[in-house]
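Quick heads-up: it's one chain on its own, the form predicted on its own, in C-alpha cells.
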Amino acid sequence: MKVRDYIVLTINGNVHKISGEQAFMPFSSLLRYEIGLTGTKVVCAEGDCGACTILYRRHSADADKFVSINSCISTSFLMDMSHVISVEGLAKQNQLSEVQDSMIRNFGGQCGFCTPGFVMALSSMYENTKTITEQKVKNYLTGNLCRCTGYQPIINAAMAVDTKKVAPLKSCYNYEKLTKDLESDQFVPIKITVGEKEFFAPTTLAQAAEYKKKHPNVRLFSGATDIGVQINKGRNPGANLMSLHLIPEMYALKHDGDQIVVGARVNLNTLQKFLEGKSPKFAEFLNIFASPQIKNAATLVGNLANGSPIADTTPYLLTADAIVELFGSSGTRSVALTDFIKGYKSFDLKDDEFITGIRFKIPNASSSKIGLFKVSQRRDLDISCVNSSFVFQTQNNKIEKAKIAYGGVGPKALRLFDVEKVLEGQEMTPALASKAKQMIATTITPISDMRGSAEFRSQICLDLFERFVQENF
C-alpha cells in the first residue's frame, strides 16, 4: 500500500508539507514556532479563550466556507488536506481587511493580545451569515475572552463593519489552483512514525479496521476538542493514533425516512444547521453546547465516543432511540445506544471495531412534547453538572410513549425505562408526576464532585422533570 509520510495543507495561500515531529505538535505551536506566524496567540491551551482562533476550510468540493476553530487544541496532523488562514493572511496587498480596519476605527484592540482571535471569530461570522445583529455578534464571540473586560468596543467594531467591503475569504488567494495542488495526496493514506509514536490516516474503512486489529489500543482522533486539551496538559494519548478524515463516507449527513444519519466526521455546527428544520429542539439545544470554534471541530460521534457520563448529546440520543454504526474486520454492525454504553467509558466495541456513525429518530412534531435541559455553572461554554432529555408522545391527553434520560447521575448516562412504563398509557396528573419523581430519586445514583454535590444533582433531576411537566401538560 502506497503511503505518504507527511501531511499537506495550505496556510495563507502557501502549500506546506509537514512531517516528523512537527506533525504531532499543537497546530498553534506549528504556526508560531515553526512557521513564524506569531499573530496566533496561546493563553489557555484549552480551547476556552479564543486567542488562538484561526480560519479553516476542508479540502472538499462541498466545503467552500471558512469557519473558526481553536488551533491550540488541534493537533497538526488533523489539519491535513485543509486550507488555513491566520490573522496575518487577512490583509491583501498590505491593505487590512474590513474587520481589522473596523477594530482599529472603533478602538476594539485595547491591549491587543486577544485581538487576533476576535478578528478571526468576527471574520468567520461575516463569512457565514448575512444578517448581522448585536446578539449574533455576541453568539459568534462566545468562545473569545477579553482580559481588558471591555467588550463593548469590540461589539461596536463588529456592528460598524461595512458589509459591502467584506469579500468571501476564498477570494483571498487562488484556491482553485491550491485545491488542485492538494489533489494528488487526497486519496493516499498517511503513516508518520517518530520514535514509538505513529499516526495513521486510512482512505478506506477496511484499512482502518486492519490497523485497529493490529493496534487494539489505537486512539482515534476526530475534532480533538477534548483529547487536545489532555495532550496540552501532558497526558500521553498513546503510541498509535488514527484519524478517519480521508474517508469520504465519514462526512455523510442525511435524512433517511424518520431518521437522521450522521457520519463520524460531521461537526456539530454542520449538524446544528442541518437539524434546524428537522429536529429544531435538538438544534436549539446545540446552541449552548459550546463556542462556535468548538462546534466547528467537535463531532457528534466524538462526543459519544469520549464516554463521559455528562456528554451533552447522549441523553437526547438515548431518547431518540439512537443506533451506533460500527465497522470492523468482519464488516458492519449496528448496536442500540442503550446497549452500546456498558459503563464508565466502557462500550460494546470489539478490538478491531470503531464507530462510523450514529442514526437517530426524529420525533413526530405534531404529537411530541420535548424537553432538553442542561445545568452548569455558566450558560455557555461549560461542562454540565446534570443534563436531561424528555421525549413524550401524547394523544387524547394520554402519554402513549415516554422516554426519559439523564446525564451526570451515575457512571453512564441513563435511560429510565421503569419510570417510562409507569407513565405510559396514563394522563399526566399531579399524583402521577409525584410518583414518577419518587421513582427517579431511587433510580439515579449521582456522586459529589467539583460541579455539584450528590444531593444537588438529585434535586436538579426532580426539578427538571417538574419543569418539563409544567411546560407541557
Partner chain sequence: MSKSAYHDSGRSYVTGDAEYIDDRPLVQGEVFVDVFYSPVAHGKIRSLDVSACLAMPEVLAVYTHKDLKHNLWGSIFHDQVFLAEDRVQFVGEPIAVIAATKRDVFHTAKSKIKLEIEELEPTLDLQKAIDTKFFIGPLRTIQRGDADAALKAAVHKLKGDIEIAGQEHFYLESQASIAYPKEDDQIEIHSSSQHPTEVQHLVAEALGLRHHQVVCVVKRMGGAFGGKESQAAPFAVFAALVAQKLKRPARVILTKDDDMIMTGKRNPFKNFFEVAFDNSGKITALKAELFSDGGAYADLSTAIMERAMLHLDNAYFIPNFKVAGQVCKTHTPPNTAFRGFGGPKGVATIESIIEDIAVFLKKDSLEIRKINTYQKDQTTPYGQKIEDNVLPQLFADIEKQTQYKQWRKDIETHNSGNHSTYRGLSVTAVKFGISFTTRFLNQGSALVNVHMDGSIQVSTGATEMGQGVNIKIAQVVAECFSIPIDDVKVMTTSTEKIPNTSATAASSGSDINCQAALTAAQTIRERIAKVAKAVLSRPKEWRISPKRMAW
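Numbering follows the first chain given and starts at 1. Computed from a predicted model, the values in this text were never measured in an experiment.
Beyond what is shown, the protein has a form predicted together with the partner chain; the following relates to that form.
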item	value
Stretch in contact, per heavy atom within 4.5 angstroms of the partner chain in the model of the complex, of 233-241, 171-179, 259-267, 367-375	233-241
Whether Ser184, Ile190 and Ala206 all lie within 4.5 angstroms of the partner chain in the model of the complex by heavy atom	no
Sole residue of Ser76, Ser384, Thr319, Thr115 within 4.5 Å of the partner chain in the model of the complex, by heavy atom	Thr115
Heavy atom within 4.5 Å of the partner chain in the model of the complex - the one residue of Lys412, Arg32, Arg415, His59 that qualifies	Arg32
Contact label in the model of the complex: Thr38 to the partner chain, heavy atom within 4.5 Å	yes
Close approach of Val43 to the partner chain in the model of the complex, 4.5 Å, heavy atom	yes
Asn217: touches the partner chain in the model of the complex, heavy atom cutoff 4.5 angstroms	no
4.5 angstroms heavy atom contact with the partner chain in the model of the complex for Ile310	no
Stretch 80-110: residues contacting the partner chain in the model of the complex, 4.5 Å heavy atom cut-off	Val87, Glu88, Asn94, Leu96, Gln100, Met103, Ile104, Arg105, Phe107, Gly109, Gln110
